[in-house]
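Before any questions on binding or motion, here is one chain by itself as structure tokens, the form predicted alone.
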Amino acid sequence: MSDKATLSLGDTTYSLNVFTGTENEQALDVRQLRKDSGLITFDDGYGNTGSCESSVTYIDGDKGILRYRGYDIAELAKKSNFLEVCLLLLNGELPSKEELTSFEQKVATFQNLPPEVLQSVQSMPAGLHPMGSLGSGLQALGGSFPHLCTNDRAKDLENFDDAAALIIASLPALAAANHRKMTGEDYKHPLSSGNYCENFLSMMFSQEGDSPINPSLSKALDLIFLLHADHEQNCSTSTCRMIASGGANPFASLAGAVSALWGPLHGGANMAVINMLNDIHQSGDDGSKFIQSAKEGKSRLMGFGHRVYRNYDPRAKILKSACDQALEALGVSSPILDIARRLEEVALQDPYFIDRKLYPNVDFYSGIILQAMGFPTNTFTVLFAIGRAPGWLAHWKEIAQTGKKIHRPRQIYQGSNLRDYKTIEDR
């Protein structure tokens, strides 16, 4: 922290320390500015505010880089799997074979919902969105394991490994239980010998006499989860950290993150892509008319552009090839995939999109795969939440271990000045 910056306000100057991260990111340290000057900084939506120091995930949006704990996302997608990445995010290092086997066994043990949690999911209103059910189910899950859900930071940290395994194991079961309820089907118990994604697909869709889960499909779903496992300080992760800073347990913190992810500007983006592609297909367009409409400002091209990436989203590149493999395994053709390819081809060559750095993002292809697998559109965000859970948990742990003060942003008040109260007769 040897570098300094100087802020001049009138005749007074203030010296600000400069932080440098391990990837040479730099930030002005303004923590003492209000105390020294009476001023706060203003950054609407925190777009240029470093809210924390974290060692979980590194992103360089200009270069299209995403790394979990220092490991490039493309290498992890090629060589690793979701549960191994879970341990990488939670513990900071790749697990040994014994550690991974132990974690897989623990997750398998927890993958069947406790009866009272299943009952709570099945008793929720029929009109409740699957994300609402997921958040409520998380709270119910914490209540079923009170020793893992104490709001005593020391105890919650002591039991964190079990709580994390329970949450990661139970989210697919909660999603599947709600789906079965909505389709009028009985709850399906996990397979006795299936892996994480095979169990989830079975609990969601399997019927008596069905063939075993196609390994290509479970692998594609595993890849989607892996690619969504963390993404630095986004809306839901920041929400999780905010809740955790108040001392809340992992179940409450992740339930808040689920609610934040629910929003259409965050986790609902992949649904918007599918709706767009379906609308284009139903109109008889191959995408050409839609692109022209988007350039004229009459339509919005969903699945292109990203708040962080000013380059091709590295996750989208990986999912593009996975999409072909998944559809081949299903033995189906997808007219909307053809439209998606057409949109991407044009957008990557058209100066209008190039100048605006509108490259495909992770939502562009993930929704096509999920729809082909049979997932209802309103469950897409639930799948996002399942994949993001280890990242949320890693950030909860980071907050809990540092023990820093509760997060409390400031504001610039723009309301009325002091006013006298008037009785109702005088208003």
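In this text, residue numbers run from 1 along the sequence as written. Given the structure is predicted, the values throughout are model-derived calculations rather than measurements. Take the two forms, find the largest set of C-alpha atoms that superpose within 1.5 Å, and that set is the rigid core.
Another form exists, predicted in complex with s-citryldethia Coenzyme A (SDX); not displayed. Remarks below refer to it.
Site status: open, since s-citryldethia Coenzyme A (SDX), placed here by C-alpha superposition from its pose in the predicted complex, has no atom within 2.4 Å of backbone or C-beta atoms. The closest non-hydrogen atom of residue 188 lies beyond 4.5 Å of s-citryldethia Coenzyme A (SDX) in the predicted complex.
Among heavy atoms of residue 248, none comes within 4.5 Å of s-citryldethia Coenzyme A (SDX) in the predicted complex. The closest heavy atom approach of residue 356 to s-citryldethia Coenzyme A (SDX) in the predicted complex falls within 4.5 Å. Heavy atoms of residue 126 never reach within 4.5 Å of s-citryldethia Coenzyme A (SDX) in the predicted complex, leaving it off the interface. Heavy atoms within 4.5 Å of s-citryldethia Coenzyme A (SDX) in the predicted complex belong, among the stretches 334-342, 266-274, 142-150, 179-187, to residues of 266-274. Not one of 110, 155 and 200 is positioned with any heavy atom within 4.5 Å of s-citryldethia Coenzyme A (SDX) in the predicted complex.
In summary, among the residues 225, 304, 103, 196, the only one with a non-hydrogen atom within 4.5 Å of s-citryldethia Coenzyme A (SDX) in the predicted complex is 304.
Looking at 382-398, the residues that come within 4.5 Å of s-citryldethia Coenzyme A (SDX) in the predicted complex, counting any heavy atom, are 384, 388.
When the rigid core is held fixed, the Cα atom of residue 291 travels 2 angstroms or more between this form and the one not shown.
Fitting the two forms on the rigid core leaves the C-alpha of residue 129 displaced by under 2 angstroms between this form and the one not shown. Shown in the overlay between this form and the one not shown, fitted on the rigid core, is a CA shift at residue 78 smaller than 2 Å.
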